[in-house]
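The chain below stands alone, shown as structure tokens; this is the form predicted alone.
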Amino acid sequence: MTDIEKLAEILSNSTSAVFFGGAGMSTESGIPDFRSASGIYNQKLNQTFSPEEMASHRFFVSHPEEFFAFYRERFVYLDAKPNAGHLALAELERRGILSAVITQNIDGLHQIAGSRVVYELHGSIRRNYCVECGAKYDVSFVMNNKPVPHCTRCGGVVKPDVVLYGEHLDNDNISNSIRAIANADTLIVGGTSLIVYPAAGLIDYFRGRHLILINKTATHADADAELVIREPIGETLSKAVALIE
């Protein structure tokens, strides 16, 4: 039996599977892995910044123009479409096999693909709000109002609803994710190196039967997994779903 066939067999017998995914889930949609970026030189500020520094709450507050220029270029990929993996997960949910998707990605592609129960640990580029009055704005507002988007109601800065470095994760998302993983019979971990905490620590709550890792590189959880697949995640999930009757 191949790994794909084994994955299909496990899923066909699951009723509360959960998918926990990271950046590798979206690379097949043309969205690069943020962590592969190197230091960025900013001429205006005459300093070299790491991507982590420029994606921090401190940088958002102290250098808003530079933050939004970086954000628009490196975080927002509006032409990206759901890949075969996103569509496969949505199909598993429709069939009553998958109970939730937990993602570290902010692109919103799971929802576009049709998934309904999605916990976005790091927020979403598709939601934005005024830091002063809380008014909500879509992604086009942030993209089109340069250099810094300001609220049309009160003039406050409009911030993307993404978790920046130095900010805490949303408590409700964490609680819902823990509950979903704790109640899962199968946990598929895909496209994540499992080095970003606290998100990576969520898999410690899994008490189910089948732990599956789909990732191109090794992770600290590989030794505990029933199945480790080193193939592209979209292709793997799509082939497995096609085998489920």
Ligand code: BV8
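The numbering used is simple: start at 1 and walk along the sequence shown. These numbers come from a predicted model, not from an experiment.
The following text describes the form predicted together with the ligand, which does not appear among the structures shown.
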Non-hydrogen atom contact Ala55 with the ligand in the predicted bound form at 4.5 angstroms
yes
Should Val158 be counted as a contact of the ligand in the predicted bound form, where contact means heavy atoms within 4.5 Å?
no
is_contact(Thr192, the ligand) in the predicted bound form, heavy atom dist at most 4.5 Å
yes
Is the gap between Glu65 and the ligand in the predicted bound form 4.5 Å or less for some heavy atom pair?
no
Of the candidate stretches 88-96, 139-147, 110-118, 168-176, the one with residues having heavy atoms within 4.5 Å of the ligand in the predicted bound form is 168-176
Out of 7-22, which residues reach within 4.5 Å of the ligand in the predicted bound form, heavy atoms considered?
Gly22
